[in-house]
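To begin, one chain is listed below as structure tokens, in the form predicted on its own.
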């Protein structure tokens, strides 16, 4: 009987020991908790920084309408920009920004798609060895270098070809074309490589030529990814400041044609923000331009998400 009680006590003691071990956090568990805590902390900091930026730019941007009592319609549709005189029509800068952005995207997209097709379908080995380093080099060149090249090469060329000062939307378009080309090309290459291989094999097995396969199968399947690449390129072109500022002419007037000097939202911000006093109408007007840039960035990001979601639903079907 005593031996049986001793065995029961021993079993109960061992059970308590195992229970304590199971409930006690091991070193691996503590490291897991620490990793999760650091991750959540970093996520919280990022969310706080983004929310602070949104709140700061929004509060500064709406001061033109809440403190200076400027009409929103007048601000968006006015064509005269002279903040010192109370004239803050932002339409010339908005038109200039959209003009150079769309023009650069229209020019760069065919070159980017053609380069991507060569790198993925026509000559993958040579394309990877020859064109990939060139694309990476173009990505790494600072924007000020592009601006100097445009100022020294593009502007004199346009002056000799079409006349005038050489500064204008067309000069900014050529500079932005080179700047956004690597972005669109790289993302288009990824989109073409993401097309399932059996799509190509099935097309060739049915007797289609290589070009028919590329144009009617691969490009159609990669269309959402290509559109995403174009939107990303447009987002970069829309927000580019220094290179555009050096070749567009910085004239805050409505552009009459592609060769007339113009101004963009970013170029007007970089040239004017240092010459204004915080809280005054000229300063608040520039912050309103920055708010427009922020809203356009959010719009481009939302558009990318919509295109990506539709492309995903299309592949699932």
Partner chain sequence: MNAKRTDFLATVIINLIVAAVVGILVFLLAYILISGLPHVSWTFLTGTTDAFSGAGGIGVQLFNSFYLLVLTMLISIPISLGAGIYLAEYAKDNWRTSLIRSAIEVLSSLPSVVVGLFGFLLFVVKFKIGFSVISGAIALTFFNLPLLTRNIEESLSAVSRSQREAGLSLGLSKWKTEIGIILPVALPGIVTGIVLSAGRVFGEAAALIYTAGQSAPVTNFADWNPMDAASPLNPFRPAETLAVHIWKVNTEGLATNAAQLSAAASAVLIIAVLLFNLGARLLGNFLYRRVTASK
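Positions refer to the first chain, counted from 1. Only the largest set of C-alpha atoms that superpose within 1.5 Å between the two forms is called the rigid core. Source: prediction; values computed, not measured.
FYI, the form predicted in complex with its partner chain isn't displayed, but the following is about it.
*Do residue 66 and its partner chain come within 4.5 Å of each other in the model of the complex, heavy atoms counted?*
Result no; residue 66 lies far from its partner chain in the model of the complex.
*Though only this chain appears here, would residue 87 touch its partner chain in the model of the complex if you measure heavy atom gaps against 4.5 Å?*
No, residue 87 is distant from the partner.
*Even though its partner chain is not shown here, does residue 217 get within 4.5 Å of it in the model of the complex, heavy atoms only?*
Contact with its partner chain, no.
_4.5 Å heavy atom contact, residue 131 to its partner chain in the model of the complex_ = Judged by the heavy-atom cut-off of 4.5 Å, residue 131 is in contact with its partner chain in the model of the complex.
_Within 4.5 Å, heavy atoms only, which of 153, 106, 162, 194 is in contact with its partner chain in the model of the complex?_
Of the listed residues, the single hit is 153.
*Scan 83, 239, 224, 92 and let me know which has any heavy atom within 4.5 Å of its partner chain in the model of the complex.*
Comparing distances to its partner chain in the model of the complex, the residue within 4.5 Å is 239.
*Looking in the model of the complex, is its partner chain within 4.5 angstroms of a heavy atom from every one of 141, 271 and 294?*
Yes, the whole trio is in contact, each within 4.5 Å by some heavy atom.
_Please pick out the stretch from 69 to 77, 194 to 202, 176 to 184, 98 to 106 that is in contact with its partner chain in the model of the complex, where contact means heavy atoms within 4.5 Å._
In short, 176 to 184.
*Heavy atom within 4.5 Å of its partner chain in the model of the complex: which residues of 28 to 44 qualify?*
Heavy-atom contacts to its partner chain in the model of the complex: 28, 31, 32, 35, 36, 38, 39, 40, 42, 43.
_Using the rigid core as the reference frame, would you say residue 40 shifts its C-alpha by 2 Å or more between this form and the one not shown?_
Comparing the forms between this form and the one not shown, which are aligned on their rigid core, residue 40 does shift its C-alpha by 2 Å or more.
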